[in-house]
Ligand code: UDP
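The chain below stands alone and is given as structure tokens, in the form predicted on its own.
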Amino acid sequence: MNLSIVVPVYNEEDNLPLLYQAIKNAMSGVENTWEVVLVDDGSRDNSLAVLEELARQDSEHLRIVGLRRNFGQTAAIAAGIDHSVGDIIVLMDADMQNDPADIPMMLEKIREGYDLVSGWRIKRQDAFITRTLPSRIANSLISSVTGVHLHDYGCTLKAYRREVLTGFRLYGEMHRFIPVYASSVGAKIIELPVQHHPRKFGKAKYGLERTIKVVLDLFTVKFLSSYANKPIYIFGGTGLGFILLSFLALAYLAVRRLFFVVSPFSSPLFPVAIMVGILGFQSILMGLIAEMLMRTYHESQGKPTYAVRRMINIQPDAPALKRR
């Protein structure tokens, strides 16, 4: 197994030499061939210069990707994955709060047959009110909405088989939802306790505002993981709900008109019921359009609606495979 360690970097010049030495020490007893892909996400300090010097010292293992500006952690992770070559990909932060010494333990679980090994910072060394508490709330919310139960979605330290990272692109703050995408294609997931250290240099890049972004991204992830292949279920279900509410409201107005001689036009409920009914029909039509778009997406690019774990005695020149 070839191993790629992908590290997004933003204003971490003091931590980078320590990080490189820690990774080198952790990899000294590992049989895998390995590389470290460090992605400078438009740092404003001397991080890129430090990375260039480290790369000159160890051209065998270090790969540097410098982005033109600060695109965000998710984009930096995506760039690192795109420019890596390993069969196994480990993601981690550059702030030295993740410990590279945990990587061999995670690789052992990959060898046991797991597709994703997720780190769990049991003894988290962050401010409780601004970092730990919002993270716990977000983890509970994500687990309950997606059905993929992890204690620590926010821990960047995770190990993946490359095949569970293919087939989707990362946007916004979506990197924390990779386990959800992986689960949707049948990935075998395990969570392991990992070490977490206090930050020695620099300062945290995120605060409470990140929680809002996570909640908004959760809507997208839930839709893509549960309804991307059958959008009519959510649009049509919503539309039928609106139509049912409209029917009940109109029925109520009809009963008042027949038995209490109250004109339905005198009640504000009448135009509301009509509007809700129209919204219901529009929602169903949107679902049908989304179904057509989904089919165009899969059929125009030859993307299957399933994911294969392994094949036995299957010829790669089978007709359906050749068409792709």
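Note that residue numbering follows the sequence shown and begins at 1. Model, not experiment: these values are computed from the prediction.
Only in words, not in the display: the form predicted in complex with this ligand, which the text now covers.
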Would N2, K24 and S118 all count as contacting this ligand in the model of the complex, using a 4.5 Å heavy atom cut-off?
-> no
Looking at the partner-bound form in the model of the complex, is D152 within 4.5 Å of this ligand by any heavy atom?
-> no
Can S267 be called a contact residue for this ligand in the model of the complex at 4.5 Å between heavy atoms?
-> no
Any non-hydrogen atom of I103 within 4.5 angstroms of this ligand in the model of the complex | no
May I ask you to check whether G239 falls inside a 4.5 Å heavy atom distance of this ligand in the model of the complex?
-> no
Tell me, please, which stretch of 158-166, 239-247, 67-75, 142-150 lies within 4.5 angstroms of this ligand in the model of the complex when heavy atoms are compared?
-> 67-75
Looking in the model of the complex, the residues of 82-105 with a heavy atom no more than 4.5 Å from this ligand, listed in order, are D93, A94, D95, Q97
